[in-house]
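This document opens with one chain alone, in structure tokens, the form predicted on its own.
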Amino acid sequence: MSEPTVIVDSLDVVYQVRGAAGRVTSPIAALGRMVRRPPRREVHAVRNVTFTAYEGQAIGLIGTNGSGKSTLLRTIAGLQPPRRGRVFTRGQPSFLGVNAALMRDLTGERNVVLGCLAMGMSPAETRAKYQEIVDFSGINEKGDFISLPMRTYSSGMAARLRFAIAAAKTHDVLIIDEALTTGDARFQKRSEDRVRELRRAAGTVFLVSHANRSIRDTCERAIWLESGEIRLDGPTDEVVDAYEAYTRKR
């Protein structure tokens, strides 16, 4: 059996948000809430989740909005502290989300260089990978956009560049949160092919996507989360079929 790369043991994640629960029943009540500092309330986002991921696996996380998918992955990446339970990982997981930070006032070129260096690549490796990253992202197909500040990019262009940078390195654990849903069909195909390459290189890939086709095409295992709990964990087609049947009944 392959070696474990991620072990999640009895994980609970609870965080606080501001805002009172319940409906606003009148304009006076609404005005009162605007004037008063809203109280804090707890959100129990992940509940007693346990599973093990192995090298060479691509695992899709599915579930309705608010089911805890992003919170679980952020906790695995070390970006969200758990209340209870433990997470063990081989190496430092790399988190790639649609809102992953790039420096808006710097050019795409500078962001590529800084992103590669931040992932631990040497200056020589960065230079060797630079053109491959730009070509993979496709942002220069209609002009020299790589030399422009990131603030001038569309959301799709920025997302493609984020993925191209992250995918330039083989990771022990790569976490992709909705980052494949932007871009045209050609880029999505390139991205899915790259995920398979990373998996074959003995890395583990977690993928969150509301496009079930991407999960089916890319992952051999899927975990269905609902209300922060694992509803089903198994072969992708089996889990996605059960999830789609569930959503059709809602």
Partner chain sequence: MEAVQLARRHGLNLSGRRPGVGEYLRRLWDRRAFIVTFARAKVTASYASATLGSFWTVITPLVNAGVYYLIFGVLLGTDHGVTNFIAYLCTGVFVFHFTQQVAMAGTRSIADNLNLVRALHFPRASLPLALTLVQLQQLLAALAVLAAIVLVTGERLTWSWLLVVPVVALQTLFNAGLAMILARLAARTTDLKQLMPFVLRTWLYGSGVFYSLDNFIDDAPGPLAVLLNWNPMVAYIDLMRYALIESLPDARMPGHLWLSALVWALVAGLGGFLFFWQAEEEYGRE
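Since we're looking at a predicted model, the values are computed, not measured. Residue numbers count along the first chain shown, from 1.
One more form of this protein, predicted together with its partner chain, exists but is not displayed; see below.
Novice: Answer for Pro123 alone: is it within 4.5 Å of its partner chain in the predicted bound form, judged on heavy atom distances?
Specialist: Judged by the heavy-atom cut-off of 4.5 Å, Pro123 is in contact with its partner chain in the predicted bound form.
Novice: For Arg162, is any heavy atom within 4.5 Å of its partner chain in the predicted bound form, or not?
Specialist: Yes, contact at 4.5 Å.
Novice: Report whether the minimum heavy atom distance between Ile133 and its partner chain in the predicted bound form is within 4.5 Å.
Specialist: No, Ile133 sits far enough from its partner chain in the predicted bound form that none of its heavy atoms falls within 4.5 Å.
Novice: Contact between Leu148 and its partner chain in the predicted bound form at 4.5 Å, heavy atoms?
Specialist: So Leu148 does not count as contacting its partner chain.
Novice: When its partner chain is placed as it is in the predicted bound form, are Pro4, Asp9 and Arg90 each within 4.5 Å of it, taking any non-hydrogen atom of the residue?
Specialist: Yes, because Pro4, Asp9 and Arg90 each have a heavy atom that approaches its partner chain to within 4.5 Å in the predicted bound form.
Novice: Using the arrangement in the predicted bound form, list in sequence order the residues of 68-82 with any heavy atom within 4.5 angstroms of its partner chain.
Specialist: Heavy-atom contacts within 4.5 Å come from Arg74, Thr75, Ile76, Ala77, Gly78, Leu79, Gln80, Pro81.
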